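Two forms, one chain: they're shown below as structure tokens, one block per form, named structure 1 and structure 2.
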Structure 1
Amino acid sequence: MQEAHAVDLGEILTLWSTVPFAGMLLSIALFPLFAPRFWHHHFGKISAFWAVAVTVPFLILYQGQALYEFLHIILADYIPFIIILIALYTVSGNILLRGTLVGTPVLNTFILFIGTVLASWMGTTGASMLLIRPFLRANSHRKNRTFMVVFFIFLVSNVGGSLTPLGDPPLFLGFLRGVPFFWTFSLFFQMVVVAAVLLTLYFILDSYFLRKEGIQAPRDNNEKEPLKIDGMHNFIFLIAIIGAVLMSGVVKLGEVNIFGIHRAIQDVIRDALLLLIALLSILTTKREIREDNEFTWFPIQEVAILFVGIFLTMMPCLKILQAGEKGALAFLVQTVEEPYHYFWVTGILSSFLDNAPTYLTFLSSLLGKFYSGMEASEAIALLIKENSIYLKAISAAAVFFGATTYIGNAPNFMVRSIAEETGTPMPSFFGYMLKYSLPILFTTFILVTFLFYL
């Protein structure tokens, strides 16, 4: 594997190499719309097809370098990504909120607010998996639930994760590169503006639809069950997950070579701990709790299968982007100068690519722009001191824009899958964008641009 670094793929790849990634995205967008039954039974085969479509030609053409890049994206990116999702999904699914909870505009808005606050401390995935089932049960009597789930994705699965490195992967990677843990609180006012706009709009829509439906919430119910939480010991496991993630960011134990890929030993230990936590959560929680919580493995299976295809097919896109002005997207990189440029380009790319490497790409671009040749940790300290608006722009964008598409952040897919399992119709890939994210989120992001980045 020594020859793995002999060629910089990003500098020699053309935009044609991104065709399998485009095919993967179009498959996710179009098959559920035009052939839903076929997609439900064969999405794994379709994901495998596009993965083969990119890996086989690359391995033939670029051999060792291609093998290195594919192994790296699987071992260093995909496996840690899916392990933390499995841990959060499993532990959150073993926590059951029992009792009579009736969804009203006030209660629903409050749940979204609580989820937005929790997301920065237990991750967008943890907060989403903890609250989506109680949220859906509370509104099972409502006719119009689709917009509720969409706003849940906006707020709990994305925007709420912007205040700490625990909230969203790009911020955690920034923390690993030297951004202080509490620096992300400097995004507080940006998050407040976005959350306030979305929560206000949600309350207005929920109130409108409730009046339109003419449904009277069951207020006086003699059989009203008091609220209580089963599986409370799983909150200890949630804290343990947070501790394992933090440990991997602050402890340095050296590296281990796995098939030619260097991984930090503390990261390997973290992954093992997360799997152990998930297993202990299952073993120590009664099966009845999961059954009453309508817990199934399908949402996480769908994410695992589709995202392995997404990760493999997006490798050429990321390499081209990381090549900067030497790659096929030089025309785009060269136009990114002002803070609002970084906000929108980072955000739009994060909507379709993995937001973590996109964030790192533009972080590296900023360090090269302002502090070329300087040690990374020292450069980041100066960036925060002298040009923090640029770091705020890419940090906020990487988190906020994840709500733009179903693939912008992993919880989006799982929330959609859980909603559909419980009978809530969800819009198609393009329907989600055209009806909800583009008109609502982009309008809000334009406001953010004028308030903070111009």
Structure 2
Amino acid sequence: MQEAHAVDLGEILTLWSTVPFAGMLLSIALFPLFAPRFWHHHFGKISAFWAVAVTVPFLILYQGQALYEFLHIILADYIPFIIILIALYTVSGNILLRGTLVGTPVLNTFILFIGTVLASWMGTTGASMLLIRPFLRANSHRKNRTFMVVFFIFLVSNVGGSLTPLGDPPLFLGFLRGVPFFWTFSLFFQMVVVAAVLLTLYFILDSYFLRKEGIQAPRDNNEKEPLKIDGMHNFIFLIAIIGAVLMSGVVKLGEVNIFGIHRAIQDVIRDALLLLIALLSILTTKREIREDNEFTWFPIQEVAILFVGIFLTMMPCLKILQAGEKGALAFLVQTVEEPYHYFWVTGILSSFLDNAPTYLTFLSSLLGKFYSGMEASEAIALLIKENSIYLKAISAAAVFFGATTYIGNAPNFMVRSIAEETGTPMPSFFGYMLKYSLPILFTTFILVTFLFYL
């Protein structure tokens, strides 16, 4: 019955039904650029507008069927998505790296390396929030800090998150749809290539700028604070998060019906555990640690508000793509054929639209292309078995290309905001792309294409 709904709706919907989704994503792309103050104060209303623009006509036209689809996307995708973000954001916000670090090319490259490794396990947002302030403090004596933050966004806020579903939201959405937890490890060599290129380039640039600046690292600083991590016990909570997510991918406990939507019991338990872990993390960590970390709920509230709009408006688009060649986007399904097509199209769209919905859109497109009409988890199992290179292409692209613009991935804007607040000038939206993304990232991605997709 469920699948009949999915296929039927996907086959009958026209492209007009995707206008609210396009509107939502364009709002995210354009408002912060051209009307940041207006956007800052009214983004909730704009998100609500697009959500209403899609839900009201759908509920009138398709009634119960539409209600089912909207409830499904909220209960099965949006809520688990927000819960994992809350859990990772909260736990990592309760870990504080203290101490006096002096930014040198070796130390900075090491911090970026650690951040890249951590990102897959505590999320790109968590790793970014943990390390950006110490990284900026360590380099406060340096004149050229902009490129440092840019490379931080490249590596810690994006590329590093490619190895597990905890790393980056698109991969978690894939996990929710049935991609096994450890499958994403198959992106390991791609990640190593990209990270190695970027870290090497960073080291060269940092060494060059340090020499050019002619700055000596401050010595004999009387107020030198020894390095230490406060809230260390939160690493246990991070392990618990990994355990909870793994559990939901391994254990099968049957289903439960919530408002007519069938949800796996293990998924519901996972979500409850994640919320409990976040709560325990708050209760067991001194408030002063969060305060010194300048932890605030505001960024996660923003993401929660925006993504409810994204998920609701995304529904028609996903349905059409799942219908494959029977849907209104058949031309796209037919045109994008080769793995490298998927890599670049998913990637370029992930650069300008948020990477999570973009990933889900192209995952649906692949399912529609190869296994139209088949139940999602079954189709994904077959996709991994028979055509895994396509899944690798969209997974790697969604994560890697998220770094190419400020709007590609949520932590990008948080890092940019913190850097600007602490006095590091950051390039404009286009400056970031022209000066950094195009010459550095696109060149690296061409290399990845030759090595893995041709």
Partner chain sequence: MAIEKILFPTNFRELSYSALEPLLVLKDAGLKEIILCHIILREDVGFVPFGGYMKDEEEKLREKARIRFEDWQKTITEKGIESRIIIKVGEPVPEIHHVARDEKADLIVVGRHKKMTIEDVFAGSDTLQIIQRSKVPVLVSKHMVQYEIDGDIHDKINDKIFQRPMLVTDWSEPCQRAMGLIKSLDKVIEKTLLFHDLESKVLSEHDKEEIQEIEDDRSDKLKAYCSILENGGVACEPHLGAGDLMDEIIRISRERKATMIIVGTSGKSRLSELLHGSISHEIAKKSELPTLLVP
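Every value quoted in this text rests on a predicted model; they were computed, and no experiment measured them. Numbering for residues begins at 1 and runs along the sequence of structure 1. Throughout, rigid core stands for the largest set of C-alpha atoms superposing within 1.5 Å between the two forms.
- Remark: structure 1 matches the stated condition (the form predicted alone).
- When two forms of a protein are overlaid on their rigid core, residues whose CA moves 2 Å or more are considered shifted, and V179 is not one of them between structure 1 and structure 2.
- The Cα shift for T443 between structure 1 and structure 2, taken after rigid core superposition, is smaller than 2 angstroms.
- The two forms, fitted on the rigid core, differ between structure 1 and structure 2 by 2 Å or more at the CA of G99.
- For I282, the CA shift between structure 1 and structure 2 after superposing the rigid core equals 6.8 Å.
- The two forms, fitted on their core, place the C-alpha of M232 3.9 Å apart, compared between structure 1 and structure 2.
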